[in-house]
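In the form predicted on its own, a lone chain appears below as structure tokens.
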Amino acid sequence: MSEPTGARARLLDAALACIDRWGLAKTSLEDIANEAGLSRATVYRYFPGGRDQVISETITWEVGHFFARLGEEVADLPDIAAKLERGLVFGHQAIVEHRLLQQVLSTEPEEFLEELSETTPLVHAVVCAYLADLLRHERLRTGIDVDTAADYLARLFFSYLGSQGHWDLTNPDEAKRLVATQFLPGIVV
């Protein structure tokens, strides 16, 4: 995914600023255009679907940033276990520290989750492909295929990022134990 530039990037940044200021539901196309210093016509040139498209693409853009940072964080780690462990700790912390996300989740969870649902299938597919590539280098248990294992790991990863349960994902040792006991035992020999 290439990073947007020029007016498109200004509009995405402006949408984030407006959501921060007024929330998802109250952010209008006019607010975004004004914040970016551009006309409504320019917004429609880049986002023919209007406000809904700007909001949707802004959330997709921000989710993309999150996963790019996550990917950089785990890139140099030696194996799938280490990548999952560090990914859980880093991802959990990034979510907790994302002020705008926490604000929207506390004030407009339904609107945000509805918007996020548009991005989820794409993110899931990308994460599954990444995990499948890592799993090709592992000894899998008999009867486990790479794509099914990748799907399972992706779903677990997303689930724990969203709700850590009784696991303390601020503690790398806890994340290591979680991966060793819940993520990999049924998949990797």
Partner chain sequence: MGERHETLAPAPAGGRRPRLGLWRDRELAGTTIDLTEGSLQDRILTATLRCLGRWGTVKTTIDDIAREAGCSRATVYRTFPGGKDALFLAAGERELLLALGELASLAAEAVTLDELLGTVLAAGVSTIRTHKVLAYLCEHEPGVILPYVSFDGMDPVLGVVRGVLAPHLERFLDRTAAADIAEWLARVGMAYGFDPLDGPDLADPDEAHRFVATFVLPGLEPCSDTLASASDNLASASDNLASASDNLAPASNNLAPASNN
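Numbering follows the first chain given and starts at 1. In this text the structure is predicted, and so the values were computed from the model without any measurement.
Beyond what is shown, the protein has a form predicted together with its partner chain; the following relates to that form.
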Among 121-129, 41-49, 54-62, 28-36, the stretch whose residues bring a heavy atom within 4.5 Å of its partner chain in the predicted complex is 121-129
Joint contact, Arg86, Gln93 and Arg99 to its partner chain in the predicted complex, by non-hydrogen atom at 4.5 Å
no
Is Asp151 a contact residue for its partner chain in the predicted complex, using a 4.5 Å heavy atom cut-off?
yes
### Query
Looking in the predicted complex, any heavy atom of Thr181 within 4.5 Å of its partner chain?
yes
If we define contact as a non-hydrogen atom of the residue within 4.5 angstroms of the partner, is Gly71 a contact of its partner chain in the predicted complex?
no
If we define contact as a non-hydrogen atom of the residue within 4.5 angstroms of the partner, is Asp76 a contact of its partner chain in the predicted complex? no
Applying a 4.5 angstroms cut-off on non-hydrogen atoms, the residues of 149-178 near its partner chain in the predicted complex are Ala149, Asp151, Tyr152, Arg155, Leu156, Ser159, Tyr160, Gly162, Ser163, Gln164, Gly165, His166, Trp167, Arg177
